[in-house]
Structures are given as C-alpha cells and as structure tokens.
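Have a look below at one chain only, the form predicted alone, in structure tokens format.
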C-alpha cells in the first residue's frame, strides 16, 4: 500500500512537471546541445558558450520585464528601440563629459519614463498596446537616428567599457549581472505580493478590480519595469561595443516575445515565468548559434525566428482553447 502511494505521488509529480513548459524546454535544450556537440567539435567549447551568453545577455534582461508584462496582459514592441536610444544617449552624454554614473542614472530614468508613458497610453487612454508601443518604437528609433544622423557614437573613454569587458572568475561581468536579474525576477514574480498581482490582472481584469487590486497601477508598473530593463540592456550593450548604435537591436522585440511564449507565457495574459522566458532566450540563441556554425544566411536566421514565434503562439492558442 505504501509503495502504491509512493508510486502515485511520483507519477503525479512527473505529470505536474511535464505540464510546465520549463522542463520540456530544458530537455529540448539539452538534447539539442548533445546532438550539436557530436556534429561540430567547436560547439561545446568554453569560447563558443561564452560568446553565446554574452550575446544573449541584453535579450535575457529585457525578457525578464517582458514576461512580467505579458503575465499582466500587456506587451511592448518598443523594447529594441528603447535599448538603442538608451545606449546612444548614454554614449553621447559620456562623450560630452558627463560623469558616467550620472549619465547611466539619467538614461535608466528615461527608460522608466518611456514605460510610464506606454502604461498611461494603454491604461488611461485605452489605446491598444500594439498601436501604443509601435508608436513609441517609431519615436524612440527616430530620435536615436536624429541625434546621431544614423552614425554610431564612438571614441568613448576606456572606463566606459569596463562593465562590458570585465570578468569575475573568467565569467563576463555582464553575464553575471544578467543571471542575478533573472534569479531575482523569477523569485519576485513567484513569491512577492506586488508581482503576484500581475497574474490576477492578466487572468481576469474585472475580478482583479473587484478584489481591490489596483489594475492600472500594476500595468503601468510592468510597462515601466520592461522599459527600464531595456534601457539597462542598452547601456550594457553600449559598454560592450564601446559605441552608441542607433540601429542596434532591430527586430529584438520579436525575439523577446518568441522567447517568452516558448517559455510558457501567454499573449492573453495570466501565464508565464521568468525562468521559462530565460530558457526560451537560451533556446533561440542556441538555434541561432547552430545556424551560424552551419553557415546559414543571416536572412534565413530571421525567417527561422519568425517561424519559431508563429509556432509558439499557435501552440499557446491551442493549449488555451483546450483548457477553456
């Protein structure tokens, strides 16, 4: 009898784990790594994984904010433009002689301000998030182009690149910062009352209002957090490249959305975890890395990202209909 009970518990635990998107996705990542390691001797090397994780750092940082925003029932297509604008303005300010901490603080404040505007447009003016954030995308990208006339800002002092090039125990500092943000974001979304409210808002807005949850305030905060993290990612990228690039991160918003949906977030709100979004970013980065090693055209890589996004959203819709 005891053995039967133990077996039942193990079976229920296994079923519960399989229902989550994280475990199957992690298994897919592991299987992909094993297959590719046998196919290409350079894939499973420290240098390759180091380069891959440095490259995915901005995407993963933004994905933390994006998945929380998706959980609350919103989304933001302006994150790539906010990243580019933030990196460009930060580089411009530093090159003009402003103290680097002051420049970084000002840029992060600007990012939060952009998110605040997005939140107001969606919650107070009731503008569709697609239209609102597409408009913000165009404005932010346009301002970055105007300020630089489309040319990257270079010639920055060597100290500006410290964060982007520093290492701790042979691990890039920016990668460690990204991992800390992912861990804190995942724990906060799972266990803190403030962020747990995002699930209630995204699942049923009317019920959340009746329960006394400040729905508009929660949504505005999630937009601010997403834009703030996009600005932070822009500063990190500028530090790594030692340049402010107005054309940086074009199409990044689609990669972030695809990663979040692959990791279990729903475009209808109420579902998703930071860990799942991070694993989605890792999966997309591995696929991109494999295609690069196989000498696949960059244009095909963009097509594959679009295909992954459509497949993930279609799967999400099928699961939602089955559970309805």
Partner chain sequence: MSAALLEVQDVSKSFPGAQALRGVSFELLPGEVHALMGENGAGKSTLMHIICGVYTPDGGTIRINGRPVTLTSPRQAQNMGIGMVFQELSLVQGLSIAENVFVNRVPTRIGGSIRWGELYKRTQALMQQFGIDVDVRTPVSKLNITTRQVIEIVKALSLDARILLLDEPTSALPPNEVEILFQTIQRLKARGIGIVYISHRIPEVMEIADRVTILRDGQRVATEAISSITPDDLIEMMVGRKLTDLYPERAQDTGTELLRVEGLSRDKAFRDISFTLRAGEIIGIAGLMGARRSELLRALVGVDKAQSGSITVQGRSIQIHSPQQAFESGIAYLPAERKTDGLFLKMALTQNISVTALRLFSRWGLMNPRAEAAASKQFVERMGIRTPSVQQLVGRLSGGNQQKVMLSKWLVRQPKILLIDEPTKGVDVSAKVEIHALLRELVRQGAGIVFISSELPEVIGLADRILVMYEGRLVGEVPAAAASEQQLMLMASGYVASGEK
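Numbering follows the first chain given and starts at 1. Everything numeric here is computed off the predicted structure, so don't read it as measured data.
Heads up, the form predicted together with its partner chain isn't pictured, but that's what we're talking about next.
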message: Please identify the residue among 152, 123, 203, 163 with any heavy atom within 4.5 Å of its partner chain in the model of the complex.
response: 203
query: So which of 213, 177, 98, 109 gets a non-hydrogen atom within 4.5 Å of its partner chain in the model of the complex?
result: 213
- prompt: If you check in the model of the complex, is residue 228 within 4.5 Å of its partner chain, heavy atoms only?
  reply: no
message: Considering non-hydrogen atoms and a 4.5 Å limit, does its partner chain approach residue 268 in the model of the complex?
response: yes
message: Although the partner isn't part of this model, could you tell me whether residue 192 comes within 4.5 Å of its partner chain in the model of the complex, counting any heavy atom of the residue?
response: yes
Contact label in the model of the complex: residue 156 to its partner chain, heavy atom within 4.5 Å: no
- request: Choose from 219 to 227, 184 to 192, 87 to 95, 243 to 251 the stretch whose residues reach within 4.5 Å of its partner chain in the model of the complex, heavy atoms counted.
  value: 184 to 192
message: At 4.5 Å, heavy atom to heavy atom, what parts of 245 to 259 sit next to its partner chain in the model of the complex? List them in sequence order, or say none.
response: none
